[in-house]
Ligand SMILES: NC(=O)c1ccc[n+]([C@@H]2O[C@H](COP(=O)([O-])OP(=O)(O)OC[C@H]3O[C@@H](n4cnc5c(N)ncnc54)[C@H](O)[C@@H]3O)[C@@H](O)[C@H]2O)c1
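Just one chain is shown here, as structure tokens, and it is the form predicted alone.
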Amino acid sequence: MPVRLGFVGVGGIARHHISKLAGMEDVELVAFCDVVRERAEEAARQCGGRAYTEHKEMYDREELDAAFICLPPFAHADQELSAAERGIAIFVEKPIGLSVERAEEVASAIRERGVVSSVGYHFRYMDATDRAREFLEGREGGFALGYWIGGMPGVAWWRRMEGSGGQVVEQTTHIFDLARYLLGEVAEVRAVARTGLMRDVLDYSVYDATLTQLTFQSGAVAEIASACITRAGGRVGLDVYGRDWAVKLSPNRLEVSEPGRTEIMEGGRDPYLEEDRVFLEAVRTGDSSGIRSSYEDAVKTLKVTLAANRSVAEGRPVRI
């Protein structure tokens, strides 16, 4: 039997997942929900299935095995909770919202109902990340430098703090999550930020640039730079340094350096396709062991990024 999927949110990232899923065997795209009816209807016309504007109606009328929830941060309300309460597996695009309290409520429902969950931290599914984890096994990390430096996404909600949570929460969250995946849990967060470079952008309230320092439970430390002010010289990745070695990880590229040796790995599997494949296999079998970012794990990353915003606002370190 095919896995029957519904979508809540049919914007850009949802269409990216749909393009991957449409080519898979044993998958049926049966329903699409969006507050903009035309978007839902267009997806239904292209893929077959039915269009909705209300997620609970879709959950109740369709026999869904899983739902892909692909929403802007501000739009997360009860979409995940309603699915979990009905026993529907959920794949949620990052970030999972702007409220730790609401996210913890969803995580509790997932545990109680035993539903499969996954969150779209696709960096965890890169071949380069696998190799980095393999190299770091048994080695003590000293410090890390992370980066998400580039331009401002064009959607209007992104440049409002109440819409996206800012770049740290919405975009650089991938680097914070990768740091957790490679170095372990965070104990303390301190951050500074600046504004004033984007005065020509209307309705703009996110930080132009944020520098966030992390102290890990292991004793390792990191600094992650986030900036949306430049279309030149940008950088995305995480560099980890130890005694006499360095691991430099960026999208589908890894460089490992030791005295007298440098290993470079480029390319590899499509991490978006892999995260979707692993999620569907978990839905089919009930075995979630292959999922690298469950909803419960993603709550921990959300806590770190929201703590960075809080540290900026309050001018002090925040314990996790």
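Bear in mind the structure is a predicted one, so any value in this text is a computation, not a measurement. When you see a residue number, it is the position in the sequence shown, counting from 1.
Not on display, but discussed next: the form predicted in complex with the ligand.
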query	finding
In the model of the complex, the residue from F135, Y204, W157, F216 that sits within 4.5 Å of the ligand by heavy atoms	W157
Position in contact with the ligand when the complex is considered in the model of the complex, options C70, L29, L254, V283, heavy atoms within 4.5 Å	C70
Stretch from 135-143, 244-252, 114-122, 186-194 whose residues place a heavy atom within 4.5 Å of the ligand in the model of the complex	114-122
4.5 Å heavy atom contact, V8 to the ligand in the model of the complex	yes
Partner contact for I264 in the model of the complex: the ligand, 4.5 angstroms, heavy atom	no
Distance check, K94 to the ligand in the model of the complex, heavy atom within 4.5 Å	yes
In the model of the complex, T210 touching the ligand (heavy atom, 4.5 Å)	no
Sequence-ordered list of residues in 6-39 near the ligand in the model of the complex, where near means a heavy atom within 4.5 Å	V8, G9, V10, G11, G12, I13, A14, C33, D34, V35, V36, R39
